[in-house]
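Coming up is one lone chain in structure tokens, specifically the form predicted on its own.
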Amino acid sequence: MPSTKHSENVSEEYGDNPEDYDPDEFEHPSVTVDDIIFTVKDDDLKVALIKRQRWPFEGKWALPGSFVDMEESLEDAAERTLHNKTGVSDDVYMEQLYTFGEPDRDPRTRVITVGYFALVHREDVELQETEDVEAIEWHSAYDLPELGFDHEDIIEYAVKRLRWKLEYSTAVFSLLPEKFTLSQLQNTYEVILDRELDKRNFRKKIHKHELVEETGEREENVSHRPAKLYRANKEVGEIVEIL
């Protein structure tokens, strides 16, 4: 077997003649996707984790992930993983997070992973065990169990990215029901940002940017004075400087 070469030597070795190019002479790192699925539940930011059934890290918790097929785009792989590993519908807010490629991040081989984070409302999804997964549960993103691979670092970065996202976009609406109160909206921000917001200033900014509109309805079956219900007045993910 010929020795593998680094890509920087391609032009020197083969010039501009594609017929002389032999891909087997070069190393081929594997590529995976990992899905970071967030929801807000019980006044906490939750992330979906699966329990691994085999080596490496057998018995430990990890993010749902998959190797990327040769004829598959990264986005398609992330959506396939979302559905096959969790039972979550493909129709959720999802975007590419970051590429993680430390040489020793996976003991099996050289693996580069592309993270995708998804935002779901807790009542719109019920995590399901599938053929590929024995156990899947929501865990606090602020109190994680021992994780396999570099998934703790990935989740920490995803939380940081989500906080940035909330400051300049309407992605927060993916974590809310179709109709919500302003208190529910503010609470969602506070859970993710991990700090309290001034109620008056928060509502002033929400109305200033016309982020919500009244539905004409109020809460039902509550012990306190029913609050007005609102709905999103902008598309999810739209760029708006909110905070």
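We number the residues from 1 along the sequence you see. All values derive from a computational prediction rather than experimental measurement.
Omitted here: the form predicted together with the DNA. The next part is about that form.
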*Quick one: is Arg54 in contact with the DNA in the predicted bound form, heavy atoms, 4.5 Å cut-off?*
no
*asked:* Just checking whether Lys41 would be counted as a contact of the DNA in the predicted bound form - the rule being heavy atoms within 4.5 angstroms.
replied: no
*asked:* Is Ser183 part of the interface with the DNA in the predicted bound form - any heavy atom within 4.5 Å?
replied: yes
*Would Glu27 sit within 4.5 Å of the DNA in the predicted bound form, counting heavy atoms only?*
no
_If the criterion is a non-hydrogen atom within 4.5 angstroms, does every one of Asp198, Lys208 and Ala227 touch the DNA in the predicted bound form?_
yes
*Candidate stretches 45 to 53, 198 to 206, 61 to 69, 29 to 37, one within 4.5 Å of the DNA in the predicted bound form by heavy atom*: 198 to 206
